[in-house]
Structure formats: C-alpha cells, structure tokens
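In structure tokens, the next block holds one chain alone, the form predicted alone.
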Amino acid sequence: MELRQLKYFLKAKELLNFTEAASALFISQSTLSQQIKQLEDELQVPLFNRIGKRITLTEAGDLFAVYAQQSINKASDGLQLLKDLNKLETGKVAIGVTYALRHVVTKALILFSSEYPKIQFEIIFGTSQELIHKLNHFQLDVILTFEEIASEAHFKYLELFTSPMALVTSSETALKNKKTISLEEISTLPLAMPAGGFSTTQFISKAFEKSNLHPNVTIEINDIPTLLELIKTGKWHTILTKTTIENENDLYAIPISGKNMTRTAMLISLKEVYEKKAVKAFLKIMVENLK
C-alpha cells in the first residue's frame, strides 16, 4: 500500500467521480482506476460501488477513509518535522483569529517576522464557529478566540487573558461618562449588533434571556469594522469585548455590570497533530508579549 494510492482514493471519495478526481490529480483516469483497483485487491474488499459512470462509497470505503486520512496526515507531519530542522528558514503558519483579538496577533507577528523573516503566514479572520471548523479540517494550525469552556477532548486550550463585556458607544455621546452600565439600561438603547454567528452575540443574547430582557436590536451585521463605523456616528451602540476597540480613539467602552460578564481569550489547537516549530516559536513570542 502506497501513500499515492491513499491520496488517489481520498480524492475519488471527495469528488465521487473518477474523471474529475483524475483531472484534479493531474493523472489519467486509467491510472487512477488502476491504482484504486490495486488498493482494493490488496485490501480484499471493494471501496467503491461502480454504477455506470457513477461511483459511491461502500461501507468499507467509508470506514477506511478515516484511516487513510490519518496515514496521509502522519506522513505529512513527518515531512514537516524534517523541514523544521532547517532552523526556521522555511515553513508556513496558518492562524485563525476573531476580530476582537487582532491586536494580539499583529503585535506578535511584527516581532516574529523581524526574527524569522522567511516564515510565511496565513491569517484568517472569522467567527469562532468558522475557525473551529477550519481547525477540525486541518486548515489552520491554531486559532485565537474567546471560549468560556474547554469542552472538546481533542483540542488543546491555553488561556491568555480575560476581557470584560462592554457597551461600545461613540466617544461623543453622553454615555461616555458612565463607569459601568447594566443590561437593563442597555435594553432601552438602539443597538447594532454582530450577526448571530458571532460568539459575542450568542454570549450576550443568553445573558439578556436569563435576565428576561429584550434588547432593541435594529441592525445585525457580519462585518465588525463596518459595525464600528456605524457606532461612531452616535446613532447606535453595540456590545463587544472591551479589547475589540483597542486603539479606536472615536469609541468608548463601558463595562457591563453583573456576574459572568467577562470572556476568556484562548489559544486552541489540535492535540494529536504535530506542532510545527514555527508555530511554537510564534506562540511563545505572542504569550510573552502579553505579560
């Protein structure tokens, strides 16, 4: 059994079409069919049902796909390990981050790139749910987000700091003189909020519901920079973690009073995946920069 055959099998599983899979792999369909047939012969079980030009996975194929992917991942981890021995002269780090924590990543990125200029970075912004999905599909090395409960057994969690939930308002409104504000007071104000997919919105919605309050949300938007521009007009207010508006001179954050009105910033990565040397070095710089 060869890694090449496993890659061919997984691509055919993904596309469920030998012609399209062969094209994606830049090989002929006959080569793909032959290699998969050899794999099936070795396993002594068919992996695909062949119905005319259509194919579907057999039960055996569905079960085998999990182990085939693990084999590919392990081989990739071994290759990456050898590359890392090259004193961080090459490599790529893929990091997912929520908008509220962008300053944490950018500050560390500037410091890291000064020391290791040849390391490439891919920075992906998204909601917590979107980033966790990408992490589970091996599209990211680590994510930086707010998470209250370390609930997934296959994840590694590292707590970084806490940030209070706050009413964010224009620095020109009368509210800027308040030191704290209650959910009851907030429920009477016109609110523009992040869309429902954002964990901050889910967090605060539960708090309102628990207090039997109904906030006056007139706008929902899935882009935080645009949301902040609306808040700067003074016509609306929003609710975010206080760290979200760091370096935003035209905005003011009023901490929300009450219990459990803080969120925990965490680094999350997969337990069973080899941690690249470049990732370790970057996270070390980031954590030290927070002290």
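Rigid core here is just the name for the largest C-alpha set that superposes within 1.5 Å across the two forms. Quick note: we count residues from 1 along the sequence shown, nothing fancier. From a predicted model like this one, the values you see are computed outputs, not experimental measurements.
Keep in mind that the form predicted together with another copy of the chain is not shown, yet the notes after this line are about it.
- Contact check for Lys259: no non-hydrogen atom falls within 4.5 Å of another copy of the chain in the predicted complex.
- In the predicted complex, none of the heavy atoms of Leu158 sits within 4.5 Å of a heavy atom of another copy of the chain.
- Another copy of the chain is not drawn, but in the predicted complex it has a heavy atom within 4.5 Å of Asp77.
- When another copy of the chain is considered in the predicted complex, Glu288 lies well away from it, no heavy atom lying within 4.5 Å.
- At a distance of at most 4.5 angstroms from another copy of the chain in the predicted complex, all three residues Gln44, Asn49 and Gly52 contribute at least one non-hydrogen atom.
- Site annotation in the predicted complex: the residue of Thr264, Thr56, Asn222, Gln34 reaching within 4.5 Å of another copy of the chain with a heavy atom is Thr56.
- The stretch among 26-34, 60-68, 233-241, 246-254 whose residues place heavy atoms within 4.5 Å of another copy of the chain in the predicted complex is 60-68.
- Superposition on the rigid core between this form and the one not shown places the CA atom of Gly258 less than 2 Å from its counterpart.
- Once the rigid core is used as the reference frame, the Cα position of Lys7 differs between this form and the one not shown by 2 Å or more.
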